[in-house]
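Below sits a lone chain in structure tokens, taken as the form predicted alone.
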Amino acid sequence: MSAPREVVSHVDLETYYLRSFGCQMNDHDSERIAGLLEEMGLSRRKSPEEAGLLVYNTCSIREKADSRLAGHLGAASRLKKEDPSRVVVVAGCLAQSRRDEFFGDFPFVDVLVGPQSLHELPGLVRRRANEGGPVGAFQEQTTRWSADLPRTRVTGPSAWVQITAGCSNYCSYCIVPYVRGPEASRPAAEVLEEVTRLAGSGIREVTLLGQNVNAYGNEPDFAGKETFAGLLGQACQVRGIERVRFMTSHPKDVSDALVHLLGGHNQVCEHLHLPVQSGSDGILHAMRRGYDRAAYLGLARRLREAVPGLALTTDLIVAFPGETEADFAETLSLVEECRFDGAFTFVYSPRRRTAAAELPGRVAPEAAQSRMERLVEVVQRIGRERNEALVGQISEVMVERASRHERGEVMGRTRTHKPVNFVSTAGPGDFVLVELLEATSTSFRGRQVS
């Protein structure tokens, strides 16, 4: 049960603006931030100019996210000069990773709160109002699950359900273990209770969420005695849930039970996001990924054989320290062999506290950009070819919202998570059959047939 509504009467704050950067976990956390603020009596505004409380939920995975945030904070600084009563909050991973110098670099920021401390946000806002100085909270590991917090969900028939927090893999390039703490698994009974509650509110599709969902239950002191595949199977039994998704998966932790479940006739969708990062054994070893090229290719082949129509997507990093043209060629050849349906592609950016930040052999920016362009070209070509092969087929689509392209159209997704735009009077959460008529590398246009 939510705590009683508490209006911050001693602060001249009635409205808030919230901007989220980064991954799906950040989007999930932002729903909780919105819930906390609205339980305090604040109402949301679409632009920072309209709001008294400005909240930026940050990402620190890559340098590009830092740069985007800097632009938004520049606007926040200008707005605060215009009206000093405004309160600026920076939440999330960047707040955690740069907590020692953030107030010095951005003196107009009032509140810093790390991702394990979101539940402290209302108290921090009150302290800032009462004490007048900057305040922050930075717990190092998960002590409270976000499901215990109020939530203001994005409208639609789908919902995130957090099942793990943090990560204990310590890949050499990744800052997540340092900002979100060690891996922790949420009790299965609590997860299933939340899924049941969401189904009762009309949700048709849930995505089980974690930095590495496949490692669910692996902690030695975890009392739940449940595996990820077991939890996934139980989620399929919840009445009213028609589709179950999950992300993100680590290749080294994909179990036979998970492969079997993906290939079965159940609510688990035929889509797997399986980050590979590189096709070079040397680079994979330097990244501390825990598998080699042959192991990943073998797993991809096994998945394709077990799961007819599987959509396999991935993450790829170019220009990791020491990457040569030969290493990059190995990545391109792996992409060709795996025939990914899509990929998130990134140029490596060093993150403080990570082992890779100290490695020699930085790739020149011009070479990094060239490799990125060549990689994107290959990924898009293969994605387009795989989608064009589906033109003419009829697919079950769950409607999510009105299309942003044409009036009278809606946008929905196939079980393989591919967006389809088509003319329909169906509403969010409706399932319809759609003939796929045209394809791009990432989406379809279709015609409703039922």
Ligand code: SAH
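The shown structure was predicted, so the numbers you read here are calculated from the model rather than taken from an experiment. Residue positions are given as counts along the sequence shown, with the first one as 1.
The form predicted together with the ligand exists for this protein as well; it is not shown, and the discussion that follows is about that form.
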{"query": "Heavy atom within 4.5 Å of the ligand in the predicted bound form - the one residue of 42, 61, 51, 398 that qualifies", "finding": "61"}
{"query": "Contact assignment for the ligand in the predicted bound form, among 292, 315, 140, 270, heavy atom within 4.5 Å", "finding": "315"}
{"query": "Region of this chain that lies against the ligand in the predicted bound form, out of 368 to 376, 71 to 79, 121 to 129, 273 to 281 [heavy atom, 4.5 Å]", "finding": "273 to 281"}
{"query": "Contact flag, residue 227 vs the ligand in the predicted bound form, heavy atom cut 4.5 Å", "finding": "no"}
{"query": "Partner contact for residue 199 in the predicted bound form: the ligand, 4.5 angstroms, heavy atom", "finding": "no"}
{"query": "4.5 Å heavy atom contact, residue 296 and the ligand in the predicted bound form", "finding": "no"}
{"query": "Contact flag, residue 174 vs the ligand in the predicted bound form, heavy atom cut 4.5 Å", "finding": "yes"}
{"query": "Contact test, all of 151, 155 and 246, partner the ligand in the predicted bound form, heavy atom 4.5 Å", "finding": "no"}
{"query": "Within 333 to 357, the residues that have a heavy atom no more than 4.5 Å from the ligand in the predicted bound form", "finding": "346, 347, 348, 349, 351"}
